[in-house]
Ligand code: OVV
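In the block that follows, a single chain appears as structure tokens, in the form predicted alone.
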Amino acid sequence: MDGMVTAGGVPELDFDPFSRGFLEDPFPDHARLRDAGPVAWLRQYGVYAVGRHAEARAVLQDWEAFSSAAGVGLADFRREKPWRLASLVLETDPPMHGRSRRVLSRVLSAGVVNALRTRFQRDADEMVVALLARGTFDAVPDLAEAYPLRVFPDAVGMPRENRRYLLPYGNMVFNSFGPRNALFEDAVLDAARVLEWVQAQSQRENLTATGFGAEIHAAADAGELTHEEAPMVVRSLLTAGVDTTVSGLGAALFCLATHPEQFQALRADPTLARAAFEEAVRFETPVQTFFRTTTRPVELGGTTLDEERKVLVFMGAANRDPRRWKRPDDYDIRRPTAGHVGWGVGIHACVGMLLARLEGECVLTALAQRVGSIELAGEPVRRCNNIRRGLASLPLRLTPRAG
């Protein structure tokens, strides 16, 4: 029961962050976690947990004390063979991390991403115009999924065939960061075919001569990566390039449909599109949790954590911590969101966040300029995933903007 403490003085909690009940509505347990103290102990999994903003940022920023190299999921790569290959970007520490990160940071630099703006905005405008003509539609498959599957693979240099495989691939990878529960088992039912396809798309010969994929392989030619590592870095890009953006777009559309006054504020000032997307990432936090592993006894929030212990960072709880945010449970597109941890923090912060932000901004700009109102046309349905918070269905109704 809650209220017990470990020998080290850490309060114990008994909720399961990977149960369907929690994933459908995590917010009551987020509050319990924050109220328990700076650090808690999750009895069921034998891991530390942090849900307050200050401690979450501290863990994510300190890669030397809180390592990613043992895996950012529940599995400890030092003690068990992982179901999947470790990510050369997400699950390595320096110096290896620096090599792959430098390549991706250049490939996805602000200048490169900004050069895509015209094309991305054109595609967003076309999709919104078509959806307005329909009036009522399901915003998850028809926009939140369809838009990233259109623009991101083009930028990578992937062929158009079977792009839909990126969705089950992301679902199985993010589920694999949790326990091997029913969500994981369901996600990997078709793993062999999907993984074979993703592996093939990461190879140089299956990519166009221009695009993110070609740039990563060119980095191997220049000696920045080995030729064996280059496809693995492409695969890491594919892992995160669609799934989190789909969830972020779904979150933004859900927030604007359920907060009509915020959509009217966006209509009045379409330049708030980037802020509206960023606030949705804070408010819903598409990637809810990640693990780190302590490399030594380390002090956190006045408590000493044992060496070689998993620490579960609840970014979703941190992003609604009232110690950091005023009215944290309100969606407010004028809120200063600097400091939220929805993209991670430190050297392992999301390397593709500039691209995701561009996609979110383009879609919300198109909506602001063309749509008069956006409202729910049915009951939203959550898609449960061990790590990611998103929607399976979001029925919406759009009306055209007058004039």
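Given the structure is predicted, the values throughout are model-derived calculations rather than measurements. Residue numbers run from 1 along the displayed sequence.
What comes next is about the form predicted in complex with the named molecule, which does not appear here.
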Practice item. Look at the candidate spot formed by Val140, Leu253 and Arg382 and say whether the named molecule comes within 4.5 Å of a heavy atom in all three of them in the model of the complex. Key: no
Exercise for review: Indicate whether Val173 is a 4.5 Å heavy atom neighbour of the named molecule in the model of the complex.
Suggested key: yes
Check your understanding: Though only this chain appears here, would Arg84 touch the named molecule in the model of the complex if you measure heavy atom gaps against 4.5 Å?
Key -> yes
Check your understanding: in the model of the complex, does Gln201 have a heavy atom within 4.5 Å of the named molecule?
Key -> no
Check your understanding: Taking 4.5 angstroms as the cut-off for heavy atoms, does Ser236 touch the named molecule in the model of the complex?
Key -> yes
Practice item. Tell me the stretch among 206 to 214, 89 to 97, 300 to 308, 221 to 229 that has any heavy atom within 4.5 angstroms of the named molecule in the model of the complex. Key: 89 to 97
Revision key, fill the gap. The one residue among Tyr147, Phe314, Phe177, Phe120 placing a heavy atom within 4.5 Å of the named molecule in the model of the complex is Phe177
Study note, to complete from the structure: Only hit among Val103, Leu183, Ala273, Ala240 for heavy atom within 4.5 Å of the named molecule in the model of the complex is Ala240
